[in-house]
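Only one chain is shown below, in structure tokens, and it's the form predicted alone.
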């Protein structure tokens, strides 16, 4: 594992070309020596991927997609985008297993198929896992981790292209984040489960209501290698504040 600190901007279903100029300050920040170990990755909607790649062309900021189809090349799947198409476009990453997609019916098997296909096309994966509030209350958090990791990463051989994002479903968009001790324990449990699969130490990120107001608390959690930021990343000033507060 590198010493990089990951800052992932998941724009979800948000954005337009008119917002591209708002990214200039972020580009300038990414070029500063102080932030050389900050790995900044934007995940815009499919409609903006090409524009983002062009915008970040001469910077160190990478671009990824928010999802992909499990068929890695071409096929009769209206409305879908394959890993090959993302790679041809210039994407380097793809988010898979996000709870919002799982909530729409995406299974662990679906996620696994997508992961294998994307890795076969040399895309890097941000693999999302996390428990619902109901599962948390029933004390099933660890068993959820085990199920999602073992099923989602089945058959994976190259773990160097995998990042794991822990996103408690009950925290996403609610403004509520886990208590520091709870988060530290959960990250440790995830690390132990991953260590049974590979000796390589995968980066573990935290996502779920990350903001400039709580980042000072989150950055001190042992074992976290970065953050997956949702709505706060849609505002460049807020996203820059998160990066600055993490590094300073």
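Everything numeric in this text was worked out from a predicted model, so none of it was measured. Numbering follows the first chain given and starts at 1.
If you look for the form predicted in complex with a small molecule, you will not find it shown, but the lines that follow are about it.
- The partner is not drawn, yet in the predicted complex one stretch among 80 to 88, 172 to 180, 143 to 151, 107 to 115 has residues with heavy atoms inside 4.5 Å of the small molecule: 172 to 180.
- Candidate site formed by 100, 210 and 231: every one of these residues places a non-hydrogen atom within 4.5 angstroms of the small molecule in the predicted complex.
- Residue contact with the small molecule in the predicted complex: residue 12 places a heavy atom within 4.5 Å of it.
- Mapping the unseen interface onto this chain, residue 167 counts among the residues with a heavy atom inside 4.5 Å of the small molecule in the predicted complex.
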